[in-house]
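Quick setup: one chain, the form predicted alone, written in structure tokens, and binding and motion questions come after.
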Amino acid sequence: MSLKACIYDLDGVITDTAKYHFESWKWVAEQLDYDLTEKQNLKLKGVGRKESLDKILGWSKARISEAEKQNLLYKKNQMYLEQIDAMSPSEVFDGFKAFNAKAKQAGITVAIGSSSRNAIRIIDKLDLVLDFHAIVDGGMTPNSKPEPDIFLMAAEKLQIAPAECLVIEDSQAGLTAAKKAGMKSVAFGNDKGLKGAQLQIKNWLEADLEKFNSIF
């Protein structure tokens, strides 16, 4: 068994859209007379939009109709889109493009596996559309992370067996999804509480293909 494909999460792994999510989810919470904390926002990482709203409703103990839910989700997304439409290629994390190019040169196929329904829009703003062999976002599968659907679809598009795929993720939901998909994983970032990954790197400057290969 060897490493044949890298599947990257987008938010928090290739660029930082977490700050935009926090601002828009904080606004949603305010509509429910609730103050969303940064610690709670971390629990929304890698989780789909509807599931995130359900978490906030649980924390706030607010009761609203399905129509009100849909209205909040729509307004949250519009606010978020305004913010990401102002993004630029300078917001790609240092070292990512160099690592991705090296992986492709080594014959490794690469894909995005993101819960975000706006993944393609963000990738376009970052000028990365042509950098991947496949892109799968949260609007393409029935279930979001921590279910494995997104990663399994990415592997299918790449025509690579799940056991030969490596997921790079910054959220527990994503790492759980990778494990359910039968894939190896690398935890990305400084969160020491992430579980289930074979390795952890703080940033792309620490990424090492040989070390990633050694997992398999």
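From a predicted model like this one, the values you see are computed outputs, not experimental measurements. Start at 1 with the first residue shown and count on from there.
Omitted here: the form predicted together with a small molecule. The next part is about that form.
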Response to the item:
Interface check vs the small molecule in the predicted complex: of 47, 57, 28, 153, the one with a heavy atom inside 4.5 Å is 47
Discussion item. Partner absent here, but in the predicted complex, which of 154 to 162, 60 to 68, 179 to 187, 47 to 55 has residues with a heavy atom within 4.5 Å of the small molecule?
Written reply: 47 to 55
Worksheet item: For residue 80, is any heavy atom within 4.5 Å of the small molecule in the predicted complex, or not?
Response: yes
Discussion item. So, residue 102 and the small molecule: in the predicted complex, are they within 4.5 Å at any heavy atom pair?
Written reply: no
Worksheet item: Is residue 117 one of the residues lying within 4.5 Å of the small molecule in the predicted complex, judged by heavy atom distances?
Response: yes
